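Next up: just one chain, as structure tokens, the form predicted alone.
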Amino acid sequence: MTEISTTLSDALVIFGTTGDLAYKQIFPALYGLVRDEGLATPIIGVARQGWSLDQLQARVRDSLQHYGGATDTDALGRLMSQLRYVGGDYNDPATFAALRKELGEAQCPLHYLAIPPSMFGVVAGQLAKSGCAGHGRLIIEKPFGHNAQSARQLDHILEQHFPEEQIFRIDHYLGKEPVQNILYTRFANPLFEPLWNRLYVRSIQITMAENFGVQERGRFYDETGAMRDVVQNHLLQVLANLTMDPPSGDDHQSTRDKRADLLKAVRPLDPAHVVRGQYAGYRAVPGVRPNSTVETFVAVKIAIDNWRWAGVPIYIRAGKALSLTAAEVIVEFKRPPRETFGEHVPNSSSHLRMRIGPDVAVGLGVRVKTQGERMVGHDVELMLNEQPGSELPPYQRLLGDAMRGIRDLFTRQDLVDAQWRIVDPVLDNVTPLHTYECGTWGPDEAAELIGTDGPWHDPKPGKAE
């Protein structure tokens, strides 16, 4: 079921190599690929800053000291020897002439655009004109556009220079082990599939909480907001893994086809079913506009118009400066039409909980009898699986796949179109903005949104915390 080309990338080019994403994610991933998989291709950093190779190497060492845990001196030395650097403006053909020279005899380079989306088209065009594209591949980082229209425009620009099968749209959430585990847990266990539908599921909740603010990302975040930053991409992908139908064959596209079918069945969001919030103090963050109306918290109610999920309420919430950092899924099962023992049993009694991070857990909520003569019980959660977070960083997995031409964990343009179609009606200032205090679970209006389908299941601290 794996889609793979026969050509291994023979060079890796990273645009935006002096940026935050490269520093926190890409450099540690490269170190892991060199150490674990023997990556030995030239790694060429490209950026506007007039750095030297020594400065890039120092930046990589500093990154690994803070984020990579580089204890293998041999792997670190090999990584340093593979680095190259090209500085220049992305609008200047001379920059790409210098890049072509650094590429040497490479015929299938992988170009990673860790740069603002507004520059994707410019760089793709320059790569093609300068001969740097060749038979190479292109990785672009989300967000893929700013709305549905801009996403289609971006796709039109990119496809002029790279065929669809050579474009890798990276959403690192798809590379997370626990997100893949959602699919595996569902389809590898016959216990769950007969219950995984509107007849037995009462509701679904997906929460992605962070206990910190936007930090140094003020300028970026103020152009993005929680809806674009995590709901339109990460959390809709989680929803697709959670609710899609089983892949229908061994064809490498089957899983992505089923994700696409599911997302196309999701009803566009109704402004009446959206709550936006902004934490107190957000407007004082450097780079944030003093009168900003960008949301740092969002909660939405989602409906899926297909036979499996018709009528099942689905709630997604995400936010910054909340009580703790955690991401998890709760599937609540319906109670029987009559409680046999006459108890008042909470709706949340029967559930499946899948923790995505920072630790990984799968728990099944059941009710057991309390010791004594009376036929009464209490709720417990059976831990089916509990472990620390994945040791393989998602960027390492995804970069390695892209180098080998494996596309399974990258999103397609039709999925991107479907995701934008869902959120497009509620982008920007369509709904009111509510202030909430840091360290809470967001504005009170989120509780009103879920109403009798609730309450919200607030994640608990994991063992790693």
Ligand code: BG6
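Being a predicted model, the structure only gives us computed values, none of them experimental. The numbering used is simple: start at 1 and walk along the sequence shown.
There is another form of this protein, the form predicted together with the ligand, and it is not shown here; the text below is about that form.
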Q | Answer range among 333-341, 104-112, 198-206, 170-178 for contact with the ligand, defined in the predicted complex as heavy atoms within 4.5 Å | A | 170-178
(Q) Only one of Lys320, Arg276, Arg259, Arg137 gets a heavy atom within 4.5 Å of the ligand in the predicted complex. Which one? (A) Lys320
Q. Can you pick the one in Leu99, Val300, Val230, Leu352 that has a heavy atom within 4.5 Å of the ligand in the predicted complex?
A. Val230
Q: Answer yes if any heavy atom of Lys142 is within 4.5 Å of a heavy atom of the ligand in the predicted complex; otherwise answer no.
A: yes
**Q.** Heavy atom of Arg84 within 4.5 Å of the ligand in the predicted complex
**A.** no
Q. With the cut-off set at 4.5 Å between non-hydrogen atoms, does Asp359 touch the ligand in the predicted complex?
A. no
Q. Heavy atoms within 4.5 Å of the ligand in the predicted complex: does His146 have any?
A. no
